Each structure stands twice: as structure tokens, then as C-alpha cells.
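Take a look at this single chain, the form predicted on its own, given in C-alpha cells.
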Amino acid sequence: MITVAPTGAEVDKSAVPALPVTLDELVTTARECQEAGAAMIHVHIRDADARPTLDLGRLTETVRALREATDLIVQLSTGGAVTDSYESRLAVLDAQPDCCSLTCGTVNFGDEVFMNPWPFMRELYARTQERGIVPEFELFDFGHIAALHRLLDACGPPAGGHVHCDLVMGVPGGMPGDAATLVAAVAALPRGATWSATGIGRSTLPVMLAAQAAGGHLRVGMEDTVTFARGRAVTGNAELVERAAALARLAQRPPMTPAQARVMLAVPGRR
């Protein structure tokens, strides 16, 4: 399964003109990425000035537009930007996505701190269960894996009953993006869980290759890297998906369709 994370909340449009920040740009990107092999889209949105926002009206419109234009599983970020309030992040679920991210702990995020205390995690998880929204557990470090076990033990299985995680690797302050760390992290996951891996910046390729070899899935996109190779900027999200899909076929693990990914993740049909 290939997930594309096309925008994020950190990259500045003025510095990276290819970054999709308007709704039209995002929908065009989603279509191109589905054609290239993506099955799920991880969504951050921007306001009219290209600044990160959690505006509920814009989120709802974005979910609707992506569903009309593509078959992709629509996953909204509940992380937002590091400055967003807990209440704003909880309200993301009101846009009724198929999936949402759920980060399992606080982490130093470069020069900032990405706050995810236990009461917030538990409340967000309870709301996903109530609304039938499938969470993807974002794991930036080994303590987050322990917190995931604690959350499942305390609150039971997620909506749909299947646990899917994303190992976010290479963030300054989180776990490193290398094969040895990936193997150790996968060994610590809950039994029966599936997992994707995300390599940030220069760890993109090492993490992608290690995840392929270890039987995992992939997340790629301009949220995670804006450099395709040393000295060469990314021209668009589709080329990152195309590279991941080519490596998947080379490994004889061809990309899943959105329908196949829905079955694996137990995502309900909302179309």
C-alpha cells in the first residue's frame, strides 16, 4: 500500500512552488498519485494565504472533493501544525474522513515540540471508535510503540478491528531512519498489526528500501521530502509515488489498489 502525503504543515509554498496548497492543486495531485499507484492520501490543508489551517469548512470541502475526484482512502491529519490547539485537532474528525492520523506520544520535532499527551491521545482514540473512523497510529519513537500497546490495552481495538501503524523515521528528535531501527521497531509492534514506514528527508530511500524488504508498506510525498536526489528538487508528488511503485514492482510486491487497501485496513465504504 502506498500512501501519499502531498503537502504537510512545514514546507513553505514560496520556497517550493510545486507544493499543492489550493484545493484544485490538491485534487489534481490526488488524481495523478492514484494513477501512479497510491491507495491513500494523508491530508493537511492550507488557507487562502497558503498557511496551515484546521478550518473545519475547508477540511469538509476537501474530503468531499477528494472523494468525488478519486477512489483514494482519505486520511486527515489530526496533528496539524505544532501550534494548533487540542480542541481544533479533535474537531478534524467532524469532517468525517475515512481515516485519521493518531500520534502516540509527544516528540521533539526539529526545534519545536509536537505535543500529544496521554489524555489527548485517549480522547482522540475514543472519538474515532465512536464515529467509525479508522486511525493510523503514527510512531516517531520507541516510547510511542509502548504507548500504543497501553492505548489498545486500555481502550480496546480501533474501528474496523485492525491495527495499522506508520513508522515516521528520520525526524530530528525521533528515531533514526535506518534499516536496523526499522527492524527493531517492527518487532515491537502489536501482534497482527500492519505497518507503513515514512523516511523524512535524506532517510527517504533507506527507509523505503528497508520497508520493502521487511514486508511493510510505504508513505511518500512532499510533506516528507522535497528533494528527489542530491541537488535535484521534487517536481511533484506523482514522481515520488511512481518511484515507490516501481520499487514495489521490482520487489514483486505490486501496489495495492484503493479497494484492496480498504479491505486490509477495514475501512468502511463511505462513497
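Numbering starts at 1 and follows the sequence shown. Owing to the predicted nature of the structure, the values given are computational and were not obtained by experimental measurement.
There is also a form predicted together with a small molecule; it is not shown, and the following applies to it.
Within 4.5 Å of the small molecule in the predicted bound form, a heavy atom is found for none of Phe142, His164 and Ser196.
With the small molecule omitted here, the record of contacts in the predicted bound form names 72 to 80 of 90 to 98, 148 to 156, 72 to 80, 125 to 133, defined by a heavy atom within 4.5 Å. Put simply, of Ala9, Met256, Ala248, Ala18 only one has a heavy atom within 4.5 Å of the small molecule in the predicted bound form, and it is Ala9. Taking the partner from elsewhere, His44 is found to have a heavy atom lying within 4.5 Å of the small molecule in the predicted bound form. Under a 4.5 angstroms non-hydrogen atom cutoff, the small molecule in the predicted bound form has Phe114 among its neighbouring residues. Under a 4.5 angstroms non-hydrogen atom cutoff, the small molecule in the predicted bound form lacks Phe120 among its neighbouring residues.
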